[in-house]
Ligand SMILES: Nc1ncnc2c1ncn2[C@@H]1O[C@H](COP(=O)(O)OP(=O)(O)OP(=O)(O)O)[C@@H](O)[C@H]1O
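This document opens with one chain alone, in structure tokens, the form predicted on its own.
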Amino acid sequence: MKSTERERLEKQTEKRYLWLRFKNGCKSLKGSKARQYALIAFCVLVILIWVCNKDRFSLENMELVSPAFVALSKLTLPITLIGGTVAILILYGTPIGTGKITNELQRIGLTNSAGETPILTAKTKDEKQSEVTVFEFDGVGIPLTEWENKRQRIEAALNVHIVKLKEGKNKRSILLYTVPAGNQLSSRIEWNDSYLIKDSSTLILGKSLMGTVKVDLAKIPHILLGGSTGSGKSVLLKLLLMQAVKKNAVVSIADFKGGVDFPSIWHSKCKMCFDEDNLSQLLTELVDELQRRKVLFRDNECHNLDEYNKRTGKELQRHIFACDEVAEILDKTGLTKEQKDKVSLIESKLSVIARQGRAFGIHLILATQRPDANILSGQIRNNIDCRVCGRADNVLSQIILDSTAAAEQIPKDAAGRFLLHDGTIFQAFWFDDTDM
């Protein structure tokens, strides 16, 4: 790019930045009485100075002064008031440390093709979490994916932990949710029943630097847990199922690892399944229940489970089907034709639940080390929006999250540390099922 073209673009960016600062300064007046009073005090002070020195500013009786200059002198007061107000508003709209942050981002190479660095337009505290600082940038055309790729460099440059990265109200705006670099997630957080949420659909996953991490099955009906061996998948799965049991859900568990991870207490509270024939029967019952609920909801003109229960006064339970290693069930490698047909039948029933289960309160929680296309069909995967990945390499992270973020952000020795599909890193609660 030619230097003249670069200079032209830089001038355009500077003008836009001044306008953004002015707009933010105007917005800041609404929430700050102190700033309002300071601006009023400035205007009053200018007017008082003008009134007290009116004769000194007057040029009407001076000789050799052109009429045009005399006319201009009469505009001194409004020009001063308007110019000063604009300058103060721009100052209000300029976040503290803007220059330093711009320099740090330039040092790590976060620039566009014209060499421009993202501009900090606002720096505020998060409304829900006061310890979280939100940096809002004008991204100068740098897409969110590039910010995510340079996440660790940005953290080092700004000396913060980025707990969430997202676009603002438009594609130009980038929001960084951050906490000070000294804040760390605990390597072990014990579960306490006081964390349990009362409604029937919300399950707690763990804690992030922004607070409690949860998933609402009424909105995101199915969960996929992935990660390498020892990452903590089974503990997190049992934590979710324990909460479902306490919320009076009907929980069914398929465990093809010999049942060693689910002691006898689970057998008394859940439906357990250890072979393909029992599993096929169990899934058939769930699909039949789904079809039955379709008729019920249609007859009562209800769109979902919560609406049906509220309108009819009944307590129709949620059903949750969980599998602790779905690859043991769905992997067709080395199977006979008869065995493959059984697996295909199981897979088709899981697909029905994945597609239609949300409204009718029937949910899937599937845990597996490697949920690739050979294990989970695209039809099932595409209907599981909540994806959670533990410790993983680049390939495994890509399979689970469609990015390598888990490999980059979760330490290799971390157990119980997970990355949610929306980029939230959290420590899952440690749950001991002997306490059930």
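As the structure is a computational prediction, the values presented were derived from the model and not from experiment. Residue positions are given as counts along the sequence shown, with the first one as 1.
Same protein, other form: the form predicted in complex with this ligand, not shown, and the subject of what follows.
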{"property": "Among 267 to 275, 353 to 361, 182 to 190, 311 to 319, the region lying within 4.5 Å of this ligand in the model of the complex by heavy atom distance", "result": "182 to 190"}
{"property": "Contact at K164, L396 and G423 by this ligand in the model of the complex, all three, heavy atom at most 4.5 Å", "result": "no"}
{"property": "Heavy atom within 4.5 Å of this ligand in the model of the complex - residue from T229, T145, S344, T124", "result": "T229"}
{"property": "Residue (of R107, H303, K257, K294) lying close to this ligand in the model of the complex, criterion heavy atoms within 4.5 Å", "result": "K257"}
{"property": "Non-hydrogen atom contact K233 with this ligand in the model of the complex at 4.5 angstroms", "result": "yes"}
{"property": "This ligand contact at A415 in the model of the complex, heavy atom, 4.5 Å", "result": "yes"}
{"property": "Non-hydrogen atom contact L419 with this ligand in the model of the complex at 4.5 angstroms", "result": "no"}
{"property": "Contact label in the model of the complex: Q369 to this ligand, heavy atom within 4.5 Å", "result": "yes"}
{"property": "Partner contacts for 414 to 430, taking this ligand in the model of the complex and a 4.5 Å heavy atom cut-off", "result": "A415, G416, Q427, A428, F429, W430"}
